[in-house]
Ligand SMILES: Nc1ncnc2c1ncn2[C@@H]1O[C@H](COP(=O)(O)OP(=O)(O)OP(=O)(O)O)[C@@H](O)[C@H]1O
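Below you will find one chain, with nothing else, as structure tokens; this is the form predicted alone, and questions on how it binds or moves follow later.
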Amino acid sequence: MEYAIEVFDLTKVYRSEGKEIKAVDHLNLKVEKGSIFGLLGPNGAGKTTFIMMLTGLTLPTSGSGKVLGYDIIKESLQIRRKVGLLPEGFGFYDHLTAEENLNYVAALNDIPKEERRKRVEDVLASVGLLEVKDRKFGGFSRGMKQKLGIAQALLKNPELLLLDEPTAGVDPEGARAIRELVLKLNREGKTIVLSTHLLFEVGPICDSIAIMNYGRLVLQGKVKDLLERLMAEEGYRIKIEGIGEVGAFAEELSRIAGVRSVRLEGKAVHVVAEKDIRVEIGKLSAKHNIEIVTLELQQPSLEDLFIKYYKKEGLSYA
């Protein structure tokens, strides 16, 4: 397994007026190359500080880490050459056009003058802003501004993109466009880290997630594995709709080993069990001459996962 990011006991302590604030507290996590990784948590959880340490913008107090194989302390310059960063509130000049703003950023990044025009046009096309390249930034919508921020992060053709709050303040249509853009960039081979407190905006497109609060990791893993674990913990919820005498059928269902509860709702039977018992349900329905119309294992959603761990940790989200 290849990792784009690996950090070990990464810690950042700020000292102010004799007090210590642990912005990041012994963080251990890995981000697989080629994945979309969601770094989730409320404002003040330590997400931005973590990103700053990954890119050498601030030094860790202790711990270590690697980005694309480079040490975050000793080789931060090499990291910045290969990583595209969208910081929260990236500043462009309102009186300059989209193209002029990107030309300026390209110059700051030492992109040769003869390459700049093509590189700028390529990234504008990639984010869907080529047709408005001559429009002044001050006239852009919030969603267009965020897209231009992603465009500047793409100027170096990075292997890894770190996007801090990419959908903050963006209307639903703009947020959807940014999600589609992230998926497109990922299909092109880029590893993408989405740092956000807007969990439901980007959560569904992530392969893996980590939830942070007060600088600590609350939960991390592949979304698929976390949802399966939640189903095992909370119970497998199965909905059965059938034609026939469902009362006796439901009563016998409740006696199957591992069944936690059985609830009748009209002609529908709702079962919660410790395992997937759809095979047993099929056999029992034949015994009771029940014609099964629906036999559905109801998968938990990412929202169910978030709610469980938010409540567990007492998290509060905007």
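One rule holds for the numbers: they count along the sequence shown, beginning at 1. Please read all numbers here as calculations on a predicted model, not as lab measurements. Only the largest set of C-alpha atoms that superpose within 1.5 Å between the two forms is called the rigid core.
The form predicted in complex with the named molecule is left out here; the points below concern that form.
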Problem set entry | Asp207, Glu121, Glu234, Glu88 - the one with a heavy atom within 4.5 Å of the named molecule in the predicted complex | Glu88
For this session: Have a look at Gly258, Gly44, Gly34, Gly282 for me and say which one sits with a heavy atom within 4.5 Å of the named molecule in the predicted complex.
Result: Gly44
Exercise. Which one of these stretches, 245 to 253, 36 to 44, 272 to 280, 289 to 297, sits within 4.5 Å of the named molecule in the predicted complex when only heavy atoms are counted?
Worked result: 36 to 44
Problem set entry | Exercise: Glu165 in contact with the named molecule in the predicted complex, heavy atom 4.5 Å | yes
Exercise. Is there any non-hydrogen atom of Leu305 lying within 4.5 Å of the named molecule in the predicted complex?
Worked result: no
For this session: Would you check, heavy atoms only and a 4.5 Å threshold, whether His197 touches the named molecule in the predicted complex?
Result: yes
Exercise. Mind listing which residues of 3 to 34 have a heavy atom within 4.5 Å of the named molecule in the predicted complex?
Worked result: Tyr14, Ser16, Ile21, Ala23
For this session: Taking the rigid core as the superposition reference, indicate whether the CA of Ser16 shifts 2 angstroms or more between the shown form and the other one.
Result: yes
